[in-house]
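One chain comes next, on its own, written as structure tokens: the form predicted on its own.
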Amino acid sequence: MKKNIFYFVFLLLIICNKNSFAQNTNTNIQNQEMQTFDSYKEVDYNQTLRPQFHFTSLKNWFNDPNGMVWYDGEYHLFFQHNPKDTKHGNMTWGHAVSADMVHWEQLPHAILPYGGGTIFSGTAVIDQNNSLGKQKGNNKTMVAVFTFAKEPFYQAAAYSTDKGRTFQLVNNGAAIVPNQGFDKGERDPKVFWHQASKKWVMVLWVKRGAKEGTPEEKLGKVRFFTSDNLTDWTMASDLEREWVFECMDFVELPVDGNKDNKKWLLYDASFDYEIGNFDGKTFTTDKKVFKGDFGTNFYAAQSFNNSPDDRTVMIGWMNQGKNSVFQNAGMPFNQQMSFPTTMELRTTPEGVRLYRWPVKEVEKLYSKSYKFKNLSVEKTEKKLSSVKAELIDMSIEFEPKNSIKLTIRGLEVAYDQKNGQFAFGTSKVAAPTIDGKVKLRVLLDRASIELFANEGAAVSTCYAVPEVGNYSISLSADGNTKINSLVINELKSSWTK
């Protein structure tokens, strides 16, 4: 009798293992119907509203930047992508590469849906130590860790041994971190190598704070994991905050450029952030929360892993949802990315704060420059009458005696001296005088405007469509406002077919 029971259990285990293996094998088959990139070759970058120095997919919908990483001379920008429509859906990892973060070449879609789910946001790392054990030849393995979006969501991985051109699923696409039981949609793993502890670290959003109820119910949750091999992950700690929600990023930055004094910056999709310390397992802060962008269209930013220099650079998705200017205008693409910006921590009278600034590579696009110094508003206005430009990178420093208004191609940016802030539409950007002076930098493309106040202390990212046929820039102010300097750089397109 005992032998019969043992035999029955043995057969049952074999059947279960075969079914499990069959299921895992099926999940390893990426849906090749989603590899639609051949059809993209018929599209160019000349449409009326096509951004000329911001990344866009050749066609179809895209959103969150994913897997941003540098390797062997290339910046890789993966992104959430619908390969079949200009609306959200069929989430796949699109892919583009650049040598300078300005000129991008889009490549075939990188990671395709499988197993009845789709591929949500995540990170890419360069496996310098061959932790995964997949390296071939001299090329380091690129490992992408992403959310497999089929409820309940879990975290999975894929790897590339050919510099991101093709990917194979790790463990046939099975979970490397299973759903933690807090939210069916737990998602968006941030992974990086923590040199001090010699461990891989994953930061994962697992719970959103409740809008109503007790203070405890309002707390969202971020979970930290560690790993030696990128496949087996151990929970290290939890961070509970009201503000946390999806697309977490976590970076270490020097304070005031001092490499011996570094702090960690944790931020979420809406760019709330905290600054603190991290020991490889636990993030500790004073719980003060700040805002990293004050515009209406900045979301789900991510920074490059494995940067080749001392800079930490981020790119955000300019979220405009369903009612986008591109879709309404019948463009073959939908949505755009923000321009890449550096991230720096600086000491201010209020404490350590984040500063952002456009990457210097934008200078490669300068085609013509106008420079004015030490002028009254009236004289500056006369000088500006000869300036005509479509794509603009301009900087102004002035000493406000009253309010001032800058009009760029019909778009108004107003400075309120009383409140010490710039306003564009509903977006308000703090810019108090510093030694009696205020600084503003403006990037204007065909469908967007980005404002950087006082060297990037406050930033605003917004969609904005300039007036058709209007290429003028004007300035008006009350009182004796002095314009210390005004530099206007006309930009050429970053696109080549």
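Just so you know, these numbers come straight off a predicted model, no measurement behind them. Note that residue numbering begins at 1 and tracks the sequence as displayed.
Not pictured, yet referred to below: the form predicted together with a small molecule.
Proximity of residue 408 to the small molecule in the predicted bound form: non-hydrogen atoms within 4.5 Å are absent; the residue sits far from the partner. In the predicted bound form, the small molecule lies farther than 4.5 Å from every heavy atom of residue 302. Although the partner is absent here, residue 63 is a contact residue: one of its heavy atoms lies within 4.5 angstroms of the small molecule in the predicted bound form.
In the predicted bound form, at least one heavy atom of residue 80 sits within 4.5 Å of a heavy atom of the small molecule. This chain is displayed without the small molecule, yet in the predicted bound form the stretch 187-195 from 361-369, 250-258, 226-234, 187-195 comes within 4.5 Å of it by heavy atoms. Though the small molecule is absent from this view, in the predicted bound form it lies within 4.5 Å of a heavy atom of just one residue from 326, 398, 120, 298, which is 120.
Listed residues 143, 91, 354, 203 were compared with the small molecule in the predicted bound form; 91 is the one with a heavy atom within 4.5 Å.
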